[in-house]
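Let's start with one chain on its own, the form predicted alone, as structure tokens.
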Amino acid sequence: MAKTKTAFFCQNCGTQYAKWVGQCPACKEWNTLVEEVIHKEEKPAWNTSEKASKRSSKPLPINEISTEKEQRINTYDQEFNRVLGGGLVPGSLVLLGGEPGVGKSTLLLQIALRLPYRTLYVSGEESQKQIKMRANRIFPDSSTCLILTETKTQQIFQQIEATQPDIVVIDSIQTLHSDYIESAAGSISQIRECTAELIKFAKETNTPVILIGHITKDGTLAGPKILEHMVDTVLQFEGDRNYVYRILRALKNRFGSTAELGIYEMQGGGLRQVNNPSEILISKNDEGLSGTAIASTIEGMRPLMIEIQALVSSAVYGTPQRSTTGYNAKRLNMLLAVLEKRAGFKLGAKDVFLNITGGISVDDPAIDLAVIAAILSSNEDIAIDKGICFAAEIGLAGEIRPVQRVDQRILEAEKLGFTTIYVSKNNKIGLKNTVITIQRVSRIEDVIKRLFE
């Protein structure tokens, strides 16, 4: 009988060691090494089928390599296509992560049910009856979606050989295990081995594979960090289970931009695509409330109108609080310092709370002017007119700096019924015959005079 081979793997970065050490030398994390069996049988992971592509492995001169745009697979989900960069790339591996209960399985099952292509949905967490119950609420009449409940990769590849699917969905990668690795499902070596087998299958057959991944309490994808390096695209599905809106982001994308954003609304019949995100990011209050300002921002190629709320109050304790939700706290401190130094507002002894409604996080500097307007509105207890919005960056000298793609921001504001937009005096605007009034300002003092005097 062959001797069992073991090794120690870091649960944080996946580095392999021959013996146990307290601190991983690679990632410097403590007590993350776990012993696992690494004995591997000499068997192929899966059999090459007729569908395997006949790609040449010989090197080619770079000027002879074809640069024709590869045809993408339409998922018939506009938001999902946008985040991927136009659809699924044949042979790609997509990893979708998110908190428990956020709707990862619902999203991919919904896409699989509505695709006209043959899709194999492999679940290691739910039975076929459970999936059928959910499918009845979403899209019950689907003849192209095949449901398989299996966790062993060898059995999965046998079914793939028999059904020849165009797309494969795995729910989830942490539940799979391979006979060639003698360790528990979800361990470092099992996740790495199963992912490697799926990558080999995807690349050789030109079949896209979508994986669902669990996340840790820190919000990172469970398993070794190498998992994110192995796949082509990493998507994050975010949202509070107490709210109905969900946000899909790309953390890594080899075939498109990582700046795109997809927004869904969770309903009883599945996830509804939100084509106009401004409808959920701006409250419908008819009353004029102080401390509220509307900013025009851009996520990827999409302009959004977002509502910024601020609350300024006297500090109860010796040290004033600075709290933000969806905005960079350090940038808020910088803007408060600019207000005190350049505009003369003494906010050093006051608590400042800032919130971006809708549960999204924004790092676009073009919302700086709206942040300052909301803070001053709350401090003076004067409401800003509902027809006014802002699109400008603030410099350390108190100057209003220009922002990119200002024409697109102005058109979005005009489309949503805003009457006035404040932009930098130095912005080059190519629009003509606009209905919206464009206020061009150069310093913070100009904005304060026009809004609060």
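Residue positions are given as counts along the sequence shown, with the first one as 1. These numbers were taken from a predicted model, which means no experiment stands behind them.
The discussion below concerns the form predicted together with a small molecule, not included here.
The candidate stretches are 323-331, 227-235, 146-154, 102-110, and the one lying within 4.5 Å of the small molecule in the predicted complex by heavy atoms is 102-110.
Proximity to the small molecule in the predicted complex, defined as a heavy atom within 4.5 Å, holds among 87, 291, 303, 270 only for 270.
Out of the listed residues 280, 138, 312, 335, 138 is the one that sits within 4.5 Å of the small molecule in the predicted complex by at least one heavy atom. Among residues of the shown chain, residue 203 is not one whose heavy atoms approach the small molecule to within 4.5 Å in the predicted complex. In the predicted complex, residue 134 approaches the small molecule with a heavy atom inside 4.5 Å. Contact annotation for residue 266: at least one heavy atom lies within 4.5 Å of the small molecule in the predicted complex.
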